[in-house]
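The chain below stands alone, shown as structure tokens; this is the form predicted on its own.
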Amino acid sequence: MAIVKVTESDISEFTAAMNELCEYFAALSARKGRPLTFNLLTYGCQLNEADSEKLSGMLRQMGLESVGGSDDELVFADVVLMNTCSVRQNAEKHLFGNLGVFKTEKKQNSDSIIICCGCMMKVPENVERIQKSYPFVDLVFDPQQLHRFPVLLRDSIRSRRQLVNIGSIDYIAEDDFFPIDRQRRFRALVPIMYGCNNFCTYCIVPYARGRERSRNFDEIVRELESLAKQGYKEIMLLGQNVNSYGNGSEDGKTFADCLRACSDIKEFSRVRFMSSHPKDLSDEVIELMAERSNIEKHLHLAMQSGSDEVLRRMNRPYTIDDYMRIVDLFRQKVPDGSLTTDIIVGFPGETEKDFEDTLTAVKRAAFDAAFTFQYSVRPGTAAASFEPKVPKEVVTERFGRLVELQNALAYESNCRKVGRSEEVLIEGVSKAGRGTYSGRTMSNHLVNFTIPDSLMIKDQSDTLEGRLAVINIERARPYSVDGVMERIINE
């Protein structure tokens, strides 16, 4: 597939479409006698969240207001946009279930617009299902068409029929091309690359997101400097595999260069990154994590299986010994750091011995947390045809054993925090209960905390969000720790 940079012609077309849509929605708003709204539902990874921030920015620039709906409380709006994920099967269930709910609303509101985009749209079966069973959907496009969203939306409105645009070109557009509606006042998501070249046999991402393409290094630095001036404290560098940033680029810049440049900006209290592949993670990155005080001491490194044979069938080009070399180096260089991972249970052909190898690897790595999944077939991937399939009841039983082990390890990790005073970046009001706030330590442990009356800063969540505080950790839970604020850190 070709990789093409966005051109001046693309920018002109984008601007013209935005202007036409602003006029269209302003006229529609005047006719209805109220502001127009949009509901943007996001499924999947943080790259999808970053894409949604751009989509939201464009919709707001068109004159629409967000209604802030969610899967738990579906809200119909003048524009409903679902940014989908194809990695897990339950995301597909959410999409088609929600489309069924919105069908009646669409009939009653003929001017409304329903849009499906994101990775699921790169799976032909999903697009065919939408065309056949959900003809009321107005627009369907894939992640590579993000920079053409206003053009596609304009064309859909003009034609008054369903428009499907699934491209065969991998575009690269710098983030300053888009208006971005950042969802957190303290955290900025900064994609530095898109796509993936790894072709793990279970994964649809290379087909959905395209080939690897890295943003221009100087453009990334300019964006980071701008975010610092805007007051952002936490930066999340994003990519399907951030460690392969710059592969094949002319300037020779690597992910370590990006990480170093980001941490050089003194205004950033936290520098984070997702996601890492064991085959590309350099020792230099771990050295930087150890040396730089504002780089988060947290490494998310997907293991997927503890069996060399399963890893081979997954097309994961490392052995478990290779993986453990990285684990040992990280534990040595970053002793207070946390290590998290992804693990798939029940991959086709997985034997009991293979699974026992996974449990052994989990114990040895002593992961602080893990995202654990039961294998699900992804149409279009190589593993979809692999045999033998592991029986569902076997997968469920193995999954239960893995979760029990990992929960114990996570609780032990949280217990090690008890009695310590930790620097926490406050994220806002906690879901744990009234009068409780939440944030994360430098090692990415979730902290729920209260504020003693003596500090006299109660009910100031708006001013606390994004501030650094010292929290005394008093109790451990399986997935978080509880504490009490000692003081706000003056900045």
Ligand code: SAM
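Numbering starts at 1 and follows the sequence shown. None of the values given here were measured: they were computed from a predicted structure.
Another form exists, predicted together with ligand SAM; not displayed. Remarks below refer to it.
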Does ligand SAM get within 4.5 angstroms of any non-hydrogen atom of Ile235 in the predicted complex? no
4.5 Å heavy atom contact, Ser376 to ligand SAM in the predicted complex: yes
Determine whether any heavy atom of Gln304 comes within 4.5 Å of a heavy atom of ligand SAM in the predicted complex, and answer yes or no. yes
Using heavy atoms and a 4.5 Å limit, would one call Asp328 a contact residue for ligand SAM in the predicted complex? no
Answer key: of Asn98, Ser275, Ser338, Asn165, within 4.5 Å of ligand SAM in the predicted complex (heavy atoms) is Ser275
Among Gln240, Ser214, Thr358, Gln144, just one has a heavy atom within 4.5 Å of ligand SAM in the predicted complex, namely Gln240
Which of 376-384, 405-413, 254-262, 225-233 lies within 4.5 Å of ligand SAM in the predicted complex, heavy atoms considered? The stretch 376-384
Within 393-426, which residues have a heavy atom closer than or equal to 4.5 Å from ligand SAM in the predicted complex? none
